[in-house]
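Look below for two forms of one protein chain, each set out as structure tokens: first structure 1, then structure 2.
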Structure 1
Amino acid sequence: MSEELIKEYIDVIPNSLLDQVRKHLPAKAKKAEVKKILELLREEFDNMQIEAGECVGLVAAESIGEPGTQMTLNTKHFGGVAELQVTLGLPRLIEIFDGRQNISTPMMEIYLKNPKCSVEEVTKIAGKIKETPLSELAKSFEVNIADATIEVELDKEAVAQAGIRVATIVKRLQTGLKNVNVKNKEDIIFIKVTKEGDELNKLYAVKETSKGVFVSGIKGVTQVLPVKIGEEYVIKTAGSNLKSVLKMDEIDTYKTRTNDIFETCKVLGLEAARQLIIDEALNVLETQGLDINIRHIMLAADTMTVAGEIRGITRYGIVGQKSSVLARASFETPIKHIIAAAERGEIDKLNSVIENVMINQPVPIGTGLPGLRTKEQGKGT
């Protein structure tokens, strides 16, 4: 009965508040009483909403910036018991809001399809993910000068742990090295140098390069660490390559994530990246023990993604796309902006905040926002 009444308010009161009403409403409540509660709630909610013209961006900047001054500059944190190094604190926050393309510690959290599996299985999957050079899988490298061949004896156990077939190693070596012919005979791989000429030198050079060729795992993942959270295993990695990981069969593609915002934008889309900005920023702030209202961070994330791609809060990002010359000049590198604008013959319409502060005019925020309605028609406000 009361549910029908509540539904009438679905457009004017947010869902989370209505849920609370549903939860706390006594079963015996009369219709009139429910109506009264909802009316009161609506009034209260309307009063709580931010006023038109309120400069929310400024409030957000202050709210994030002030507690930010208290953050430690200690960047080297270790994620719990894990031995993975993660950038946290102020440097990470700057990284997030600046929209850096290359972050200092990319990492992934890989969830498994079967999270309650045995240690062996997790280790096996982890081995498959880790990027492994040939030197880690080989027992010995021998140079056979007479045949111009390098003989690589593989370590059977290491190969098994990496979960890879010898044929695949041969294939990767063939594509990874130039001017060679790769064959194998059981556990021994023969790399024959085909190019004529200075063979001996070439042979040794190939031997050294072959050691570094990545023959197994996913490119970019330098470290893997299975972590047990509660009953379930999660694999944390240093280095990130979400796209390749999502192709694997053993992992939960709905939960696996990276902390690289640009990569997320590319693989999972803009909205996922926006959500990640919020999650990552909140995570940093929480680990520092700072309590910042999530709305400020949501606003920052929305602003960063409004143009369809991720733009950092920097002079190249969202400030660079402002239409006003003076506003751009006021942020950083003023002379550069003014000269460039003069060259292009840009016009400043003076309809934002900072340029009006400069020329000592009322700013269009708060009570400065509405124009006069009594002006003559045809002559703008």
Structure 2
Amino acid sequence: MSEELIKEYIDVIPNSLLDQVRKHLPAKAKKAEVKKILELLREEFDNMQIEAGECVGLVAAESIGEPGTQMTLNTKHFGGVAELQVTLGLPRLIEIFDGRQNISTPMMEIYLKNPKCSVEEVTKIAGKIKETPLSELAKSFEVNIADATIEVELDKEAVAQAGIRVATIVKRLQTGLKNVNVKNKEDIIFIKVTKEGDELNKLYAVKETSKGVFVSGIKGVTQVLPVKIGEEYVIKTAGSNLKSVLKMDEIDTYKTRTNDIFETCKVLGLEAARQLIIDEALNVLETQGLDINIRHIMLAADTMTVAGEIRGITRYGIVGQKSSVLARASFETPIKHIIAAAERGEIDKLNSVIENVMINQPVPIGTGLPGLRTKEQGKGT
């Protein structure tokens, strides 16, 4: 009975709200009660909608800008580990809305398919994720001048934790170093320089280079930290490589996320990037104790992504894409925009707010939106 009533409101109330009604509606609810709930919901939804001509951009700019002036410059550390940190406060908000491709502290939150993993299992998975150079898997590096080789003694425990075979390490050393021949015997790797030259200098140069060769993990993830949130472990990382992490069998691909908006767009698409802009901005504001209606953030996210790509709110992003010459000139570098428009013969149709304010005309919002016309009667009528 309740489902039939709900169906009557499909074109009146958004489906997401109707789904919430279905979810929370008591099983024994009477028809009159369900009807009253739906009517109250419809009335609430109608009242929250924006009036035609409302200047939503200005309201959003005021709502975000005023609390934004109270924000602090803040960098938060995780668990006292200096290597794992994420930029918050005003610098992070600027990164988000400027649409910066290279953010200062990229990070990921990696969820596991099995939320009840033991500490040992989580640590092992974290070891497989972390980008590991040879120096972190080796006990010692020794130069054998007589045989012109470098002997690398591996740390068995570190190799096991990284979840990598010695043969794979040898293969990656062979690929990562030039003019060398790499072999292994038990837990010792022998690196022999094959190209002739100043043997001693070359040996020491290869020794130092070999320490930084990537041998296991995922490139770009420089640090990992398992953290218990509620009943499950989450692996927080410094550095991000979402595409590679999502390929791992142990990872929950639905919940794992990165704070890099452009990487999210590339891997998961524009809709996911739009949602990340909203989530990241709200996270920054909530951390600062600021309460801003989510609709203002959503409007900013929509504006940044409406063109089918991410554009920052800068003169190179959405401001530079405005059709109005005067609107572009009002932001920064006015002479440059005006001269460029004159060269192209552009015409400003004065359809928006900024350009009408500049020339002292009524702005096309609110009561300034509709136009009035009068019919002139012909003579003799």
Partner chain sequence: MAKDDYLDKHELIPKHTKLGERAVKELLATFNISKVQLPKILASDVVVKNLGLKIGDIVKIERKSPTAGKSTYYRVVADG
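The model shown is predicted, which means the values in this text are computed figures rather than measured ones. What we label the rigid core is the largest C-alpha set whose atoms superpose within 1.5 Å from one form to the other. For numbering, take structure 1's sequence and count from 1.
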Properly assigned, the form predicted alone goes with structure 2
Original post:
Fitting the rigid core first, would the Cα of D46 be found 2 Å or more away between structure 1 and structure 2?
Top reply: yes
Relative to the superposed rigid core, does the CA atom of T314 travel 2 Å or more between structure 1 and structure 2? no
With both forms fitted on the core, give yes or no for whether the Cα of A60 moves by 2 angstroms or more between structure 1 and structure 2. no
Taking the rigid core as reference, the Cα of V353 travels between structure 1 and structure 2 a distance in Å of 2.6
